[in-house]
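Here you get one chain, nothing else, as structure tokens; it is the form predicted alone.
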């Protein structure tokens, strides 16, 4: 692929870098995962900094280690996990726009707080759309839908050159080190679990293990003792909490399989899934029960905030 619009050339993709929008819907019956940005909060802010359309594709960079060179004057935005960022060897901050001149090099060190960074380009990242989405699900290994590799070009959908500097207000930048409680919405298999195990789930602390990726996070803690027998495989969703035979919970994320046969006490609120996705192995989480209406209301407010309220002119006026 050769550059036909303002672009960056990737020098080093890091551990993993993929194009992600808000996901691929309507194809789970064909075995395709939804995919999409793991952390919609940092993803939406990256797009908002550039006035991009909602859901515009960004580059999702896992654990940092990314480096690219600007092929033309271009303004990008960088949000998400904390890492050491350099522009031509000089340290700069993130959660902001970054004006690049042709030939400038942007380097992202390995993340030390949080897991995922989002790099947005003006108008969104231009890449092939497959089955209604630009999202890449690496584990599906579909030909032509691949992760980013060295020497690839990142193409912007529009050219705004170098523009006025913008930053996400400090109050909206999360601390990925803080304790996280995942709100669990009980599902129809909830009552198949014993009372003691259901109490254990919300009174014990769980640690994130190394077996954590875009498909799901395995947790380690005091195991459930009376796990119900497996079920006939059925459709599963983002945030489903599977309990396999060892009694240790698995929280499924965007790239999860479309069906599964482990019993599930419930599903995690979607916004908490995005918060979980930023946590690193060794960090601890807790569960707390909530109801569907509360989770839906919070998600509506979240969507409304980014759809209707985010305006940097408003922030400048003291919104």
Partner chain sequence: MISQVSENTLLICVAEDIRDDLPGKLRALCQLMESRRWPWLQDLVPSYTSLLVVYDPDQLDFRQATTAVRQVLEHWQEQSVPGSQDEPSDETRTIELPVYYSEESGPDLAALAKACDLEVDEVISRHTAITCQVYAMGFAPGFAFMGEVDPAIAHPRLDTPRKQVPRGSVGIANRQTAVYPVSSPGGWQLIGRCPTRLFDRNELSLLRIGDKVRFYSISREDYLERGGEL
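Since the model is a prediction, treat every value here as computed from it, not as a measurement. Residue numbers count along the first chain shown, from 1.
What comes next is about the form predicted together with its partner chain, which is not displayed.
J.: Could you tell me which one of 139, 158, 177, 110 places a heavy atom within 4.5 Å of its partner chain in the model of the complex?
T.: So the residue touching its partner chain in the model of the complex, by this definition, is 139.
J.: Using a 4.5 Å heavy atom cut-off, which residue among 199, 102, 237, 150 comes into contact with its partner chain in the model of the complex?
T.: It is 237.
J.: All three of 24, 131 and 269 touching its partner chain in the model of the complex at 4.5 Å, heavy atom to heavy atom?
T.: Yes, because 24, 131 and 269 each have a heavy atom that approaches its partner chain to within 4.5 Å in the model of the complex.
J.: Looking in the model of the complex, any heavy atom of residue 12 within 4.5 Å of its partner chain?
T.: No, residue 12 sits far enough from its partner chain in the model of the complex that none of its heavy atoms falls within 4.5 Å.
J.: With a 4.5 Å heavy atom cut-off, would you call residue 171 a contact of its partner chain in the model of the complex?
T.: Heavy-atom contact with its partner chain at 4.5 Å: absent for residue 171.
J.: Would you classify residue 69 as touching its partner chain in the model of the complex, given a 4.5 Å non-hydrogen atom cut-off?
T.: Outside the cut-off, so no.
J.: Test of understanding: in the model of the complex, would residue 85 fall inside 4.5 Å of its partner chain by heavy atoms?
T.: Answer no; every heavy atom of residue 85 is more than 4.5 Å from its partner chain in the model of the complex.
J.: Pick the stretch from 93-101, 73-81, 110-118, 185-193 whose residues have a heavy atom within 4.5 Å of its partner chain in the model of the complex.
T.: Only one stretch qualifies here: 185-193.
J.: Can you tell me which residues in 267-300 come within 4.5 angstroms of its partner chain in the model of the complex, by heavy atoms?
T.: Contacting residues: 267, 268, 269, 270, 292, 293, 295, 296, 299, 300.
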